[in-house]
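Just one chain follows, in the form predicted on its own, and it is written as structure tokens.
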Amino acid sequence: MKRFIGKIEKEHAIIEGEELTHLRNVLRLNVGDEVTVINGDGCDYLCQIIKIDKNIAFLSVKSKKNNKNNAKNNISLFISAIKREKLELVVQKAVELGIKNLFIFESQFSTMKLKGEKIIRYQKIIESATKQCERADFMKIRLISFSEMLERFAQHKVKLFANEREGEEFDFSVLKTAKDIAILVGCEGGFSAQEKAQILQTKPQNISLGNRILRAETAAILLSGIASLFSGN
């Protein structure tokens, strides 16, 4: 069943913009065809196309059901700004791995500045990845400051800090009962000594991912996958 992002209005659905172009010009769907429409509320809506105009498609909602692929646990990923193409990869994989919230912040050694960065470019990646992995809830993404990162990170029950060279072995099996997990990963250059001291004040699990130094995007994807799998997400 083809999946589209649209608006749900009681017993009808509306598809516009790029989604309409894909429906009409790429997939060449017609009146009478059935598709699944999502709007981010966590449900799949089985719909039938009833009309296709130049700028909009109208559909009737046949049924509604909860999506079993949505993120079950509150797993948040905090990552210091890295090169854009690598950050876009992290955004895509975070959606696939069931991350609920993604926070991007600048640290002292960040290789990309967030000033002027457009969140909409990442929203499109989120939407595409959501359809691909068959979720029906949209991962939330925010650009925040380092100080806000510290405040938000500290609020989580289980905090995993990927501390290269200084981290310790961690028993990931304790995540089996965790429902609220925060993951913190630095940029390519890591964190400064002062930043590490501030992070450690939040009393996280100071973990190592092995002797090999991983790239920032690798560490973020690896930890997201481990946390999702062990917690049953």
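A quick note: this is a predicted structure, and the numbers were derived from the prediction, not measured. All residue numbers are counted from 1 along the displayed sequence.
Beyond the structure shown, there is the form predicted together with S-adenosylmethionine (SAM), which is absent from this document and is the topic of what follows.
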Worksheet item: Of 221, 14, 20, 214, which one comes within 4.5 Å of S-adenosylmethionine (SAM) in the predicted complex, counting heavy atoms only?
Response: 214
Worksheet item: Considering S-adenosylmethionine (SAM) in the predicted complex, which of 69, 30, 201, 208 comes within 4.5 Å of it through any heavy atom?
Response: 208
Discussion item. Would all three of 162, 165 and 185 be in contact with S-adenosylmethionine (SAM) in the predicted complex, where contact means some heavy atom lies within 4.5 Å?
Written reply: yes
Discussion item. Just checking whether residue 40 would be counted as a contact of S-adenosylmethionine (SAM) in the predicted complex - the rule being heavy atoms within 4.5 angstroms.
Written reply: no
Discussion item. At 4.5 Å between heavy atoms, only one of the stretches 189-197, 32-40, 169-177, 56-64 reaches S-adenosylmethionine (SAM) in the predicted complex; which one is it?
Written reply: 189-197
